[in-house]
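Shown below, as structure tokens, is a lone chain in the form predicted on its own; questions about how it binds or moves come after it.
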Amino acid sequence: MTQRFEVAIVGAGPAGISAAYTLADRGVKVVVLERGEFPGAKNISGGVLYGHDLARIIPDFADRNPPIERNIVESRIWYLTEDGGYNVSYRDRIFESERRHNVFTVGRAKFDRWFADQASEKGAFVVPSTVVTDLLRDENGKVTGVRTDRPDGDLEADAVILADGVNSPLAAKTGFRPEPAPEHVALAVKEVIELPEETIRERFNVGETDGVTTEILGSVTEGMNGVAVIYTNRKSLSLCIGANLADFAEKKIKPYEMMERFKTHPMVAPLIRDGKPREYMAHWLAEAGYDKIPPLYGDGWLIAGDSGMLFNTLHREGSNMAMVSGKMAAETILEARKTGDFSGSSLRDYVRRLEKDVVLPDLKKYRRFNSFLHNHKEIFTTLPPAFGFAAREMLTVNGVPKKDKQKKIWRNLRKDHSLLSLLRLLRDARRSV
């Protein structure tokens, strides 16, 4: 017998659960279908979340004992050469007090499960170990539900939300979103290094529950368009490094080898010394930008989160966009529910909501950033050693006048970069942000 729900959601990540919580809180009969054994089962420890956006879903989340690892009080940016690097950081007391939980680290396996439990308590049905294999449609092509791999697994619904990630086989199979091109996604590897709490506090100069995020550019991605990050958890560090998938294919570099070299960098190795590797995985990141966002709605369906390529490459923001888009997909359905009209003309209000919030304006603002990185590989190849040479010369006290040092630095920079190319780099950088 075919079961019926008002809304079926594919994927129990931040986007899917945000939508489910919002709908269930308003009395909507909603089901969430998750491939993993439980929400978060496909994730490993180590990620950041944003309190402002979580509070839009669950205003009192901080009082519900969420599995937060560390509250972030300092953000660091590194630009690395092969043997050293630049470090810019900002720490503010306000993030320990009235802006606490502005950003915090979580273990996604634990957090996603907790988040799903909050939706279940509101009445959402969260069904794990279930693969959605196709969408049900009527004679006019309108989506009317989902088909699963369970016996008698067809579920009818007034609306379906696709929220199963950037590598969603369902979105590609159904034609709602094409398979991402290699240049539009990044392949990242993540490793969790276990360390004692007191060691993390000492090495990052933080209190018992506070932490640091570090975002890294430069030579560590071996000439490829990519980034690395280090996040502090309660008893571990999460290291992640990745690059554009097309670059990996061209360079023939193995991601795990790049991770091993990253761990030996002189600015990284002291932080993980004596640590024990505990978890390892690879995953995709949507980096196509605003111009590659697929249609986000249609007759009976909506797409939210990474499945809709809603990811801010510059600020590494994905989970907050997932939560916001999930909430707004749910709110759009709630409005459509009043009239019983779940056609595309009714659900197009979803995009208007995203345009009025931060999601689409931010993505539009940085729409050129990904192409900027792709077109200026010198950021990852020739500029790191040039900047490293400059710092090394100026910090070496050897009796050479600073004026002569500056001339030497300029000559070294001009070996690989003309004045015109440097001006073009600055122009394109300004336009990209």
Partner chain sequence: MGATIEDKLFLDRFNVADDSHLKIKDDAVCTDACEDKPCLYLCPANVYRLENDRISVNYEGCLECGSCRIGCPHLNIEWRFPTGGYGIRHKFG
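Positions refer to the first chain, counted from 1. These numbers come from a predicted model, not from an experiment.
Keep in mind the form predicted in complex with its partner chain is missing from the figure; the text below concerns it.
Undergrad: Considering its partner chain in the predicted bound form, find the one stretch among 274-282, 356-364, 213-221, 118-126 with heavy atoms no farther than 4.5 Å from it.
TA: Result of the contact check: 274-282.
Undergrad: Suppose contact means a heavy atom within 4.5 Å; in the predicted bound form, does that hold for all of Pro294, Glu331 and Ile333 with its partner chain?
TA: Looking in the predicted bound form, the three residues Pro294, Glu331 and Ile333 all stay beyond 4.5 Å of its partner chain (heavy atoms).
Undergrad: Considering non-hydrogen atoms and a 4.5 Å limit, which listed residue (Ile72, Val146, Leu245, Val268) is close to its partner chain in the predicted bound form?
TA: Of Ile72, Val146, Leu245, Val268, the residue with a heavy atom within 4.5 Å of its partner chain in the predicted bound form is Leu245.
Undergrad: Of the options Asp152, Glu156, Glu202, Glu257, which one has a non-hydrogen atom that comes within 4.5 Å of its partner chain in the predicted bound form?
TA: Exactly one listed residue reaches within 4.5 Å, namely Glu257.
Undergrad: Against its partner chain in the predicted bound form, would Val185 count as a contact residue? Criterion: heavy atoms within 4.5 Å.
TA: Looking in the predicted bound form, residue contacts with its partner chain include Val185, since a heavy atom lies within 4.5 Å.
Undergrad: Could you confirm whether Lys338 comes within 4.5 Å of its partner chain in the predicted bound form, counting heavy atoms only?
TA: Contact with its partner chain, no.
Undergrad: Look up in the predicted bound form whether Arg56 has a non-hydrogen atom within 4.5 angstroms of its partner chain, and give yes or no.
TA: Outside the cut-off, so no.
Undergrad: Mark Pro169 yes when one of its heavy atoms lies within 4.5 Å of a heavy atom of its partner chain in the predicted bound form, and no otherwise.
TA: Yes, contact at 4.5 Å.
Undergrad: Could you pull out the residues of 103-127 that have any heavy atom within 4.5 Å of its partner chain in the predicted bound form?
TA: Sequence-ordered list: Val106, Gly107, Arg108, Ala109, Lys110.
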